[in-house]
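Starting off, we have a lone chain in the form predicted on its own, written out as structure tokens.
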């Protein structure tokens, strides 16, 4: 897994009008649709600017959260896995990715049992950490480990604090040796062997950043995180994401990314 942040292809889905009714753990008002569209467009432009060829799918109005394509699937150069998110309203979303994945990958696997959400899967150089949450069950995590093994990857189950919605809402891979993490998640010890940069108190909402090739996409509204990333020597691209964050989403979940081998 030495190339876990090297990508040249990505799948995205345009937001439908229903996106403003997306799931959220903390309540709050609906974001403005125009703001979600603008932030999604900025994100797509950032991926294209990083050298990725984009496959853009049409909106799914019946599924408000469908723009978050990384929750119902995982992709790797060797193949794809269609997942089953634990939120009832999202359980079948993977079926609407199947035809696209079949066209782009030689091997497309299904999660054989349980529930697993891509937002709980942090792919690292030596393993894929699978966080248990309200949307990823132990049965689903163990089944995902079996599917990952078919593609040649090692999975490991990780317990997360109760307040963590998804593993990747509270942590991100910055480079081959470094993780950005909230203090509460780092304290669990699941990142043993990695350098951990802790998110400053009050900026926990910015823990989800996305390393893509030579740059890190991060939220513009988290100045202390941006400063830490800059101090670490990373090439940071700050994007507006307040509307997306209002529906419990971050940068990793809005695309499926992989490196197509020559």
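Numbering follows the first chain given and starts at 1. All values derive from a computational prediction rather than experimental measurement.
Absent from the display: the form predicted together with a small molecule. The rest refers to it.
Proximity of residue 20 to the small molecule in the model of the complex falls outside the 4.5 Å heavy atom cutoff. Heavy atoms of residue 238 never reach within 4.5 Å of the small molecule in the model of the complex, leaving it off the interface.
Of the heavy atoms in residue 84, none are within 4.5 Å of the small molecule in the model of the complex.
Residue contact with the small molecule in the model of the complex: residue 119 places a heavy atom within 4.5 Å of it. Only one listed stretch (136 to 144, 175 to 183, 104 to 112, 159 to 167) carries heavy atoms within 4.5 Å of the small molecule in the model of the complex, and that stretch is 159 to 167.
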